[in-house]
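Next up: just one chain, as structure tokens, the form predicted on its own.
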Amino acid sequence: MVRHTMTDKKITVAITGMNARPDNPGPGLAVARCLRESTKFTGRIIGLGYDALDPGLYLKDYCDSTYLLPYPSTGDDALISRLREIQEFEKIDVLIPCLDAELPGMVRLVPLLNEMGIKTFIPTAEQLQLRNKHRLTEIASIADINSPETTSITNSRFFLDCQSKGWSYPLVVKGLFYDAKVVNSPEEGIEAFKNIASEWGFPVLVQRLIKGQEYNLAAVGDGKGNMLGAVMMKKMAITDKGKAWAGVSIFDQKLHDASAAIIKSLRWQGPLEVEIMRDQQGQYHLIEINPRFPAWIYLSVGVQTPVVHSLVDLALGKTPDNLANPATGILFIRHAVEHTIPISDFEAIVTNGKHCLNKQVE
């Protein structure tokens, strides 16, 4: 791991999404790892989380200081107030939001963040609307590929008579921001609906299941229609929530071209992940577009494509370095480990909402 002294400090980057549940980890910790291990980055990293048990709040290898944020549901005023408090101590230069649910609020606060000296490079409100899950068909047509039929529901009764309306099991039930569950019966559908709605609200989405091999692409749109990075992987093992537990870097021309077309058409600004399923007949189906880096973005380090650092450059108004083509055949395997800390560290987060991990980064 490349480490730097505080005398080498150039910028301070704050990163949200420090949760790390094995079955559904947030991207923030992986984004922090990418920066910390980059030979191009010599600054400080501030970890931002929403729960005192978010593991990234305690990992000094990747964060120098960490803070709790109010949940997005508390509103914009609470968030900007908290960020002002943090800014007094940390002088953040760049903020990288890593969670879907917080992005609408962050977009609304961009003018205030700019006034505070905090730069971002995230999608616009219009771009967030265009890539919503219920608009997949529209976006897929831009990419010249298929997409599974998706419908929005607000009542679990849908699952009782959906088969008479042409919706055959198994189906995929999704939250507006997160979570996906394959259901095989009305009972499973109703249970998934209740769980997802209670956590992520309405509407709940139902999507036809496409069987095949899933391919993902992570990149950054420069806001001018160009795609930077284009790290691609094939899922080799998944959790029960469909999240990648293992994957291998690949190059797939169809995935590349479809993603480039989407970014060009939307003039996408910021990070994104494109999820595509290749069915048993070789047809490609757009499953999702996520408006942030994925939790597997650490693979970009393995394939020697510093796409996270390119995002930081764009946020600062710099022209990113040209990125070499990512290496193929690089495997990642996720693992869960225990991290021990003094209870006083946890108490500091709970009581004060902040914790200094590194007085000096060695």
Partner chain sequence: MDKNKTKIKQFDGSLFPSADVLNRLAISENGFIFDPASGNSFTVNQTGLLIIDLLKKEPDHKKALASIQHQFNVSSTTLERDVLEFARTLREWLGIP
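Positions refer to the first chain, counted from 1. Being a predicted model, the structure only gives us computed values, none of them experimental.
Separately, the form predicted together with its partner chain exists; it is not shown, and the next lines address it.
With the partner omitted here, the stretch from 127 to 135, 256 to 264, 274 to 282, 76 to 84 that lies within 4.5 Å of its partner chain by heavy atoms in the predicted complex is 274 to 282. The closest heavy atom approach of residue 251 to its partner chain in the predicted complex falls within 4.5 Å. The shortest heavy atom separation between residue 317 and its partner chain in the predicted complex exceeds 4.5 Å. Taking the partner from elsewhere, residue 304 is found to have every heavy atom lying beyond 4.5 Å of its partner chain in the predicted complex. Taking non-hydrogen atoms only, residue 325 never approaches its partner chain to within 4.5 angstroms in the predicted complex. This chain is drawn without its partner chain; in the predicted complex, the residue among 208, 119, 234, 243 with a heavy atom within 4.5 Å of it is 234. With the partner removed from view, the residue among 178, 215, 167, 158 that has a non-hydrogen atom within 4.5 Å of its partner chain in the predicted complex turns out to be 215.
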